[in-house]
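In structure tokens, the next block holds one chain alone, the form predicted alone.
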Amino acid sequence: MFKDLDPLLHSQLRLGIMSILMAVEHADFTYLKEKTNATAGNVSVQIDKLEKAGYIKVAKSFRDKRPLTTCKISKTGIAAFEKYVNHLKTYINK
């Protein structure tokens, strides 16, 4: 039987952001924007959704007097991502 996929992670951009964050300790906003090839506005909206869900932690600071947003995946986010991937495998292996 197919398992339900997390609708929050089923978005291509949010899944991309989560995939990147699974592979690195943390990533800044510009890095995520460049790697996903998405607009700044879209990345910002998706980061906000992931943060509100508790999947990522966001830190805001300054570097050389410029705003710096850094994201890191949370334990909840890791668990959700791994569950999503395992559920996706049920679709592939059927």
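All values reported here derive from a predicted model rather than from experimental measurement. Note that residue numbering begins at 1 and tracks the sequence as displayed.
This protein has a second form, the form predicted together with the DNA, left out of what is shown; the following refers to that one.
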Ser19, Val24 and Gly54 - do all three of these have some heavy atom no more than 4.5 Å from the DNA in the model of the complex? no
Against the DNA in the model of the complex, would Lys49 count as a contact residue? Criterion: heavy atoms within 4.5 Å. yes
With a cut-off of 4.5 Å between heavy atoms, is Ala80 one of the residues that contacts the DNA in the model of the complex? no
Determine whether any heavy atom of Ser11 comes within 4.5 Å of a heavy atom of the DNA in the model of the complex, and answer yes or no. yes
Looking in the model of the complex, the residues of 67-93 with a heavy atom no more than 4.5 Å from the DNA, listed in order, are Pro67, Leu68, Thr69
